[in-house]
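Encoded as C-alpha cells, the following chain is the form predicted alone, with no partner shown.
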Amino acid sequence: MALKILIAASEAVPFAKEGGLADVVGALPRVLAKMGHDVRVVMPRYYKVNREKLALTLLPGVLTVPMGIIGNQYCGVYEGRMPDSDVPIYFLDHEEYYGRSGLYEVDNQGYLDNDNRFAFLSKGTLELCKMINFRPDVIHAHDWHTAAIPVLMNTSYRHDPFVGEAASLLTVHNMQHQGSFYEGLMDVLDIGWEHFTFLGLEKENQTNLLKGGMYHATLLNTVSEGYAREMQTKEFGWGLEWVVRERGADLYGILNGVDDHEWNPETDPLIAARYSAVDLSGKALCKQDLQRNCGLPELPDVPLIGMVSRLVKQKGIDVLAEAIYRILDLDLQFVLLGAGEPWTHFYFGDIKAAYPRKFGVHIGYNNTLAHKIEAGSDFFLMPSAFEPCGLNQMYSMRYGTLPIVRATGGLDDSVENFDEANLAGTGFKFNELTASALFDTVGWAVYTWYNRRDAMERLIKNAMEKRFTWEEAAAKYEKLYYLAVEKRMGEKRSRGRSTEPR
C-alpha cells in the first residue's frame, strides 16, 4: 500500500544545511518516492533559499497560522522540487522569522525568538495540509525544531479532518539540543497548561519541545542502533534518558545512508582524479592535489590525516587540541577543515604557524575542499564525544580513506576495528575520550601505514566495498511508517471504545 508521507524539518540539502539532518531530509524523500509513496517536504524559506534561482512557485492565497496568545500570523508558501525528483517541497515564507543570514543562530548565539520561529514551522506544517489538500498517513518530524508537531496532533489538532487521523514519527538526530524555552511558550502552542507537567512538556520549569514530542509521537527513531542505546543512559541522554527508556518499546535505530551521486570517487567532479577499488592510481593524484591546495610538501610516502568537522566539544576538538602536538611529532601530515568555537580558530591557526610543513587548516566550510580531503587523505579522524550517526566516516570508507574514530554511536556501528591477525576491519577505533587514547590510536594507524602495507591494502579494499545506501535505510523507514499507521489506528479504536456509553 502506498502511503502519503509529509516530512517536516528545519533544513534540507541542497537548500539549507547545518548538519547531518539536512542530508537525511535531502535524500530520504527521493528514495521513498521511487518506492511508490506520495512524499511531500516542508521547511522554512530562509534568506539563503533563492526563489528566482530555484524557480520556486508562489502558491495562491495566504497561509494562516494560529499562534495562540500572539494571534494569527500569516505567510506565503513557495513550492519547488527536490533535486533529481518530482518530490514537492514547500517553503514557508515569513520574512520576520526566516529572513536572516543564519538558520538558528548568529555569532554562536541562538536567535532569541527560536521558540516562536519553530512553533510557527510546526503549526504551519499542519495548516499547510489544508492549503495543498493533502491528508497524510504519516507526518515525519525531525529534532526539536518540529517536535511540537506530534504534540499538536494529539491535542489541538486531534480532530482535524486533514491531520487528526495521521500517525507521527519523530527522528531524534541529537539529544543535546532539545528546544527548551520559557514556560510562556505554552500560551503560543495553545494546547492547555495541563500538558506543562513532569510527564509532559515541562523540564526544569521550561517548555521542552523535544520532551513533548518524544512523549506524543506514535513512534520514535534515531540515526543508529548504537545511539538508540546510548540515548537511554545518563551520559548521552542529557536529562531525558528516562523519557527515552519509558518509550523504549517504540524506539528504533536506523543508520543513515550515503548519497552515492555526490560521494563517489568514481564520478566525483570535485576531486583531481577519479578512481575505484579496482584502480587506485587516481588516489595518489588526489593526495598530491590536496597537499598542494593546503600548502604542504607533496610527499607521497608520508601518511596524511584529514578532518572535516564542526570545531566544537561534541566533535572532540578539545581532546584533539590536547593531543595535536604529540600527533605532529609523528612522521605525518594533517589537514583540518571546519569552524566552531572561536578559540579553536586561533589555536589551530597557531598550530599551522608552528608546523607549516606538517599542518594545514582552513577555518570555515568549503564543500570542494571537503571532497578533496576525503579523496586525498590516507586516514580520516573523528574523535567525537558522541556521534548519533556520522556521515564522514562513511564517505571516507567509500573513498578508501581509513577512519580513525571513537567507538560511540553511529561511528561504532559503521566502522569495524582493524583485526591484525585476520587482516579484517575498515578502520581504527578507540574507546576512552582522552588525548592519550587518541594519540595511541593515531600512532597505531601510522605504524600500520609504514610497516604493514599488506594490511593497509586489505583495509582499503574492505572499506571501499562497504555500502551504506539510502535504499536500505528507506526500506527500514517504510516499515516504521506502516508500523506507526497500524499503531495509530489501534489507538483510535481504543479511544473510540473508551468513550462508548455502557
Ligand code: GLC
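This is a predicted model, so every value here is computed, not measured. Residue indices: 1-based, along the sequence shown.
The same protein also has a form predicted in complex with the named molecule, omitted here; what follows describes it.
Taken together, the three residues His173, Arg310 and Gly390 all come within 4.5 Å of the named molecule in the predicted bound form, as judged by their closest heavy atom. In summary, among the residues Thr426, Thr344, Asn256, Ser414, the only one with a non-hydrogen atom within 4.5 Å of the named molecule in the predicted bound form is Asn256.
Val24 is the sole member of Ala484, Ala16, Val24, Ala9 with a non-hydrogen atom lying within 4.5 angstroms of the named molecule in the predicted bound form. Partner contact region in the predicted bound form: 380-388, out of 380-388, 241-249, 206-214, 296-304, criterion any non-hydrogen atom within 4.5 Å of the named molecule. Residue contact check for Lys315: one or more of its heavy atoms lie within 4.5 Å of the named molecule in the predicted bound form.
Taking the partner from the other structure, the named molecule in the predicted bound form has a heavy atom within 4.5 Å of a heavy atom of Val223. Shown without its partner, the chain has no residue in segment 72-86 with a non-hydrogen atom within 4.5 angstroms of the named molecule in the predicted bound form.
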